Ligand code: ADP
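Just the one chain here, the form predicted on its own, laid out as structure tokens.
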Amino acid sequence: MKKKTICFFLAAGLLLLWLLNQYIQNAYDINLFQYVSYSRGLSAEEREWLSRHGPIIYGADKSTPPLRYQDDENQQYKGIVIDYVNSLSIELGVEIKLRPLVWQDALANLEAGKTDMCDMFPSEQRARKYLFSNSIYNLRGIILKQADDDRLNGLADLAGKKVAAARGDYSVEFLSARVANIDFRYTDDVLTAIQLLHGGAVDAVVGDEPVVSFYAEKLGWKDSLRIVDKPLYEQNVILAVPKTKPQLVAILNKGIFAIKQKSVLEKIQQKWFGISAPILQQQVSKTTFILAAVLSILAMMILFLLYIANEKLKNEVSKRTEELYLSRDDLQKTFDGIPYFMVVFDRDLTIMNVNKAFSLYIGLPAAAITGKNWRELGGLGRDEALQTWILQTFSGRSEQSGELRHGGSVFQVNTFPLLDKERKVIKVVAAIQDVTELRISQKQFLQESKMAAVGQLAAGVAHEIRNPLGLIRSYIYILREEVGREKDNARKAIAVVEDSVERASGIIDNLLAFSRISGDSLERVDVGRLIKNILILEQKILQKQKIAVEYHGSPDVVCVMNQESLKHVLINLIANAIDAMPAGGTLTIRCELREFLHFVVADSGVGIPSEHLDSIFHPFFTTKPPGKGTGLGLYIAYNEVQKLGGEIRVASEPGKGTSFEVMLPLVKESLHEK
């Protein structure tokens, strides 16, 4: 706060200095620094220079009344500027000699250094020859024409006209740079130029307003000649000195400053013109500047008080903003912490905000997603059902929910309206949950429950069937003993019945083995026998679809493994191979022990298109017609292989068949025994 207060007072001080500088600039045509410098008066070096130089010679036009002219009666050189030069002589304390000349000669003498100073308008051309002082008075250039000439109404109308002007007059330089094709007629003085105009020899005269007005009135031609309303220019007049005398410029500037302080020029003009002041530059009064300064200080004080009040309000707002920021930050962190996909929409389905889970799913930062239209994201953004639920939430102000499938995944969607104070829906929040695993778990649970029931039923049926099979086996034994050796047909019949009983008993044993759930425990598994038992269960459908089976395996493929997981993998791969050969073919199974358990299940079926190979292990992905498959078989096989720490690969060629290669790590028996 202290630092800002210091800055305020520093700014106030700078404003006062600026106002003071403006006042000095307006009053004396100098800046504040020059004002301080000039107020000290002539330095010792400058006084010495004047002493060495001697009298200063002022040489100027002798026929430009009332500015400066040589009186016809007494040949005295006088006029407004002459009075000004005399005052300058008094202020500087140095003699200034007056030398009346023809204007063209006055300029030439100054350039040659024969005179020391002359008053004139500054220009770029003249700056190449002379050095300039500060301004001494203000003067206007005008156009004089015949009173009845309606063709001349401004500067542009001089093009192609005959214009009279004194040689070396500034108006010639001014017009030459702005209007083309002026036919200038040069004279020794303004009087001669006006006489040419009155006689009709020229179309106009250009020159200084006081001089032209003076001669027009003196000659009595004010009614026949008229000054064009708009002046050519209005500029400050300065004192020019030779380029060889730069010290004189600083000396003259101090004298000019002293004259302005004493308002000498105003008194001179009153002497020549009375109250009017045609050559005084319009200036803002001292009272006006003081009033402006006071008002500026008051304004700054008011602004400072407002600033203090604003600072307090700003601090309070900052405090409340910080609280709101923390609250918002907490809400955003909560929003980001939700594991579901959370997306906020406006009515045009433009995304207003997303949580971290959705950003990770899309693969873009939240800042890159916010502001985009939902449809631009693709994927879920193209789902029409989701768009419909969002729009219905906007129109009906009610929550919507539903389930959709995309990219092999299942999503549960719930939409919630956000209302303003007028109970209008301004935004909608969509909560999108990936429920794929949940739905799979539910299906697996149902399947496992079903299989458990089937297992119990199979066990009950097996026990019920085993009793009559036992009786049949006993009575076959009795019949064999009773039947004589000569009755060959009876013995053959008994052998067939006995073989069938044994076969039925084996099937029952296999069914009981597969209906038993072994859980997640590790145990010694005879992989070859397990594969053969699965093939026995599938024997009927293999025969029905005319599928030949080729099994190539090592003699003793026994390893420690989770038998239930291995059973799931084999059953699903073999079932998938059978489904791929509806018109028959060959099912080939290879199994061997290396540093890992390696087996291949291959078919000669329809094959899998290359564009589907990346999706076959996704849940619910299937190319089978509705009701013929769930799309979970290969997904379950893939998951079980991953659970066992193994790897599964697929190779397929449409029309030639598919091969699944599985590699499972072996578990040491010693670990199992512990």
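Source: prediction; values computed, not measured. Residue positions are given as counts along the sequence shown, with the first one as 1. C-alpha atoms forming the largest set that superposes within 1.5 Å between two forms make up the rigid core.
The same protein has a further form, the form predicted in complex with adenosine-5'-diphosphate, not shown here; the description that follows concerns it.
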Quick one: is Y69 in contact with adenosine-5'-diphosphate in the model of the complex, heavy atoms, 4.5 Å cut-off?
no
Contact of V641 with adenosine-5'-diphosphate in the model of the complex (heavy atom, 4.5 Å):
no
Does T623 reach adenosine-5'-diphosphate in the model of the complex, with heavy atoms at most 4.5 Å apart?
yes
Residue-level question: is I57 within 4.5 Å of adenosine-5'-diphosphate in the model of the complex, judged on heavy atoms?
no
Specify the contacting stretch among 107-115, 576-584, 234-242, 366-374, defined as having any heavy atom within 4.5 Å of adenosine-5'-diphosphate in the model of the complex.
576-584
Considering non-hydrogen atoms and a 4.5 Å limit, which listed residue (L32, V606, I648, L50) is close to adenosine-5'-diphosphate in the model of the complex?
V606
When you overlay the rigid core, is the Cα of P582 off by 2 Å or more between this form and the one not shown?
yes
Cα displacement of S133 between this form and the one not shown reaching 2 Å, rigid core superposed:
no
Once both forms sit on the same rigid core, is the C-alpha displacement of R185 at or above 2 Å between this form and the one not shown?
no
